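Take a look at this single chain in structure tokens; it is the form predicted on its own.
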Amino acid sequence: MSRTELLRIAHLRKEYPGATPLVDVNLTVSEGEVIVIIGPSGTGKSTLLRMINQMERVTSGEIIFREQEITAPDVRIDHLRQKIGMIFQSFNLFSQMTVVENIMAAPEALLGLSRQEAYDRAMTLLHKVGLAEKALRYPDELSGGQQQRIAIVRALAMRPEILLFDEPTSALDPAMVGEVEAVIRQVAAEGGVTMLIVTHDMDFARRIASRILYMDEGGVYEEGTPEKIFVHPERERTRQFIRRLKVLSIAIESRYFDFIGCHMEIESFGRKNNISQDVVQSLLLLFEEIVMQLLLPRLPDNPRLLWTVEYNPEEEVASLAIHYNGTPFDIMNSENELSLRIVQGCADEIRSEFLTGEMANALLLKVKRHSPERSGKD
């Protein structure tokens, strides 16, 4: 069943002096969706939420909410924020007010509710999140998790159509994260409120989202269901982010490249990412044998080779991909038995791919964890 469009973002751009986190963001949000936004730090995730809430002005592009351009200069921001609520990393509760007063303030002032109506609404919501007994306490008497739950209730008291969550659990101790996530899941399950949530908690994102946005390179780099993004990502940077891969790429465009400098890069990459010395030694040997002995002598006068290692710290597994130009070559058919034996001692799952186009030849390997056989080099 198709849903009604609630929010549309078109060609959104945000520039700061010396930085442009958002280059071209395009997005449509339907009623009732729970959209979780993930991606590396600095890719504009929080900035996007702040622009939807009009806490940041756009550089160019437009945001349409209920067919109204809310990026227009004459938009009534106070009216807009009655429909679009925002929950921050910090709780932003009024310390001089009790919990229930924090929740009652905006419905009284902005929605015109009587004090009794605002109180009744506040207490109903507090009961839902299990904090009714804290109604007369002050924020500094509550734990961080309780304060964040109150911040969510305060936003819900305005009965918004959209809730924006900017890293709602990042300021909490691990023991408190679960209680806040439970409230967000409860709101999502009840429906009626569309949510956009920025988080670095991948498990939470996978559990709660109806759609995942992966942001990178100035926009929405890839989007889809949790299964698509977390299990079957289609694009390279998404895959690297989801798997938390550490990546090193070395580009070679001359036969007279800096071989020693490349060795130093590989060693530095190993130290930085706490890769075992056995694996680092295998990477060094693979670089020497594959690049110097097996591939480079066969490449054209203008060689182009990209040597990329991806290391998964959770599984302690290193994978290697070498793309190169020129005539395809299966190293398993090489007459250089010594180099081939060293490569086989350092890696398994060795396979070649030959496609059309520049640098379409590829050699793919998985580096063994144990010490390589080195008898051929001694």
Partner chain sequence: MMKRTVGLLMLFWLAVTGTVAGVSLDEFSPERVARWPGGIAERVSRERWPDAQFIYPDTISDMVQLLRQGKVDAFILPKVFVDSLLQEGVHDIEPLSPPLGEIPSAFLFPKSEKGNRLAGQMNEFLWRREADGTLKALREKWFSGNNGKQHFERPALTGENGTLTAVSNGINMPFVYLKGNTVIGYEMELFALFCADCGYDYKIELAASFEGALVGVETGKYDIGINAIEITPQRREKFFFSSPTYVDECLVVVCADEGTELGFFASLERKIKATLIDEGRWKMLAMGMGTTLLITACSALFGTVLGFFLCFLHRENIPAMNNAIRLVSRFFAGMPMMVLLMLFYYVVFGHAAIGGDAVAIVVFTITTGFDVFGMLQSGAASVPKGQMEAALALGFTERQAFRKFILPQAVLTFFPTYQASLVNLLKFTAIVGYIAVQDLTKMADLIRARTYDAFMPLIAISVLYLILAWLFMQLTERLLARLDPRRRTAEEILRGVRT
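Heads up, when I say rigid core I mean the largest set of C-alphas that superpose within 1.5 Å between the two forms. Residue numbers count along the first chain shown, from 1. All figures in this text were calculated on a predicted structure; none of them were measured in a lab.
One more form of this protein, predicted in complex with the partner chain, exists but is not displayed; see below.
Checklist entry - Going by a heavy atom distance of 4.5 Å, is residue 291 a contact of the partner chain in the predicted complex? => result The answer is no: residue 291 has no heavy atom within 4.5 Å of the partner chain.
Item to check | Non-hydrogen atom contact residue 98 with the partner chain in the predicted complex at 4.5 angstroms | outcome: Residue 98 belongs to the contact set for the partner chain.
Checklist entry - Going by a heavy atom distance of 4.5 Å, is residue 221 a contact of the partner chain in the predicted complex? => result Residue 221: no, not in contact with the partner chain in the predicted complex.
Item to check | Close approach of residue 50 to the partner chain in the predicted complex, 4.5 Å, heavy atom | outcome: So residue 50 counts as contacting the partner chain.
Item to check | Site test, 81, 86 and 154 vs the partner chain in the predicted complex, non-hydrogen atom cutoff 4.5 Å | outcome: Judged in the predicted complex, 81, 86 and 154 all sit within 4.5 Å of the partner chain.
Checklist entry - Out of 209 to 217, 292 to 300, 101 to 109, 173 to 181, where are the residues with a heavy atom within 4.5 Å of the partner chain in the predicted complex? => result In the other structure, the partner sits against 101 to 109.
Checklist entry - Which pick from 247, 136, 72, 264 sits with a heavy atom within 4.5 Å of the partner chain in the predicted complex? => result Only one listed residue qualifies here, and that residue is 136.
Item to check | Among the candidates 93, 280, 188, 205, the residue which, in the predicted complex, approaches the partner chain to within 4.5 Å (heavy atoms) | outcome: Going through each option in turn, the one that passes is 93.
Checklist entry - If we check the partner chain in the predicted complex, which of the residues in 246 to 264 reach within 4.5 angstroms of it by a non-hydrogen atom? => result Nothing in this stretch is in contact.
Next on the checklist: Does residue 326 move appreciably between this form and the one not shown, meaning a CA displacement of 2 Å or more on the superposed rigid core?
Outcome noted: Yes: residue 326 shifts by at least 2 Å between this form and the one not shown.
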